[in-house]
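Okay, so here's just one chain, in structure tokens, the form predicted alone.
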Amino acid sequence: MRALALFGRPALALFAGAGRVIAFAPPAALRALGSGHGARAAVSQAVSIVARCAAPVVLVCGPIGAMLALQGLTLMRTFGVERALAPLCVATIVRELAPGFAAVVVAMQGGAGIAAELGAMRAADELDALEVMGIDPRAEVAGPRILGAAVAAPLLNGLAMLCGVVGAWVMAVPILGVPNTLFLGTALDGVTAADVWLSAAKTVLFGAALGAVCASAGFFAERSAAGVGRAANRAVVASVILVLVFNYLCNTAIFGLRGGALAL
């Protein structure tokens, strides 16, 4: 029984948390869309998240693109296929690195802020005050943050793509001596417009999911400073895990278990 309880309690807590997010987030987002103030607040939240997360995205994705070019060129020169470096770097950044790391940065920076803000409002009884005034806090406070994260994630994904490719070019051309015409001339050979659209669609999904998790964690946080901290911590951890799991599932569905892309 102790062994069952050891695994059962966390499993039940996981399912209870998932159910709470599913029951809370979609109605909150829909109510915000139906409210003029909620829609304007969602745009404001998206701008705020982009402003907070832009610098971390640049600092994360630029060096990652550079390291990808460094490791890729080391291997490709061994086999004499240096021409494949740029297509490999660009395809990997567009399909995998940019959406994944952009969403993780949004979860750690923007998601933590969402959970902490709502948790502080809960601890200060501000959410209860809104309900007493006849204002729906889900539509006016939580929903705009969920929508803002869903809008901000694809915008940051575009910035992550740009920084990753620039980082790969800087490492490959000025530092490692790859001909500039070769890199630029072959850079788009490995990607299509469908890859860019799928990357953006993935980040919309990631942004909405992490926004829902973080908003739910903050909205139902304990009414104390420690409770707000715990809510923010749980929200970030759960959001990062959720992004990684969703990323794996999306890639498996799109590219298949054998690595072949679906016909689009």
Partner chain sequence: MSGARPARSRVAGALLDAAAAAAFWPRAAGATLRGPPLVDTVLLTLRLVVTSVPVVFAVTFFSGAMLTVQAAASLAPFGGGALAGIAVGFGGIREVFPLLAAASVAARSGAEIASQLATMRVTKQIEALEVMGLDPLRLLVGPRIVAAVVGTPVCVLVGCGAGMLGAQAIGAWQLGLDRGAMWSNLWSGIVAADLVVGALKGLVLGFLLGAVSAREGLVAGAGARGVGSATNRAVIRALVVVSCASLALSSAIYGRLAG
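Numbering follows the first chain given and starts at 1. Since we're looking at a predicted model, the values are computed, not measured.
Absent from the display: the form predicted together with its partner chain. The rest refers to it.
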| query | finding |
| --- | --- |
| Selected contact from 141, 165, 121, 178, since only one has a non-hydrogen atom within 4.5 angstroms of its partner chain in the predicted bound form | 121 |
| Of 198, 46, 205, 66, the one that lies within 4.5 Å of its partner chain in the predicted bound form (heavy atoms) | 66 |
| Contact label in the predicted bound form: residue 39 to its partner chain, heavy atom within 4.5 Å | no |
| Residue 187: touches its partner chain in the predicted bound form, heavy atom cutoff 4.5 angstroms | no |
| Its partner chain contact at residue 248 in the predicted bound form, heavy atom, 4.5 Å | yes |
| Touches its partner chain in the predicted bound form: residue 52 (any heavy atom, 4.5 Å) | yes |
| Location of its partner chain contact in the predicted bound form, chosen stretch of 153-161, 94-102, 132-140, 179-187 [non-hydrogen atom, 4.5 Å] | 94-102 |
| Interface residues of 232-248 toward its partner chain, as seen in the predicted bound form [heavy atoms, 4.5 Å] | 232, 233, 236, 237, 240, 241, 244, 245, 247, 248 |
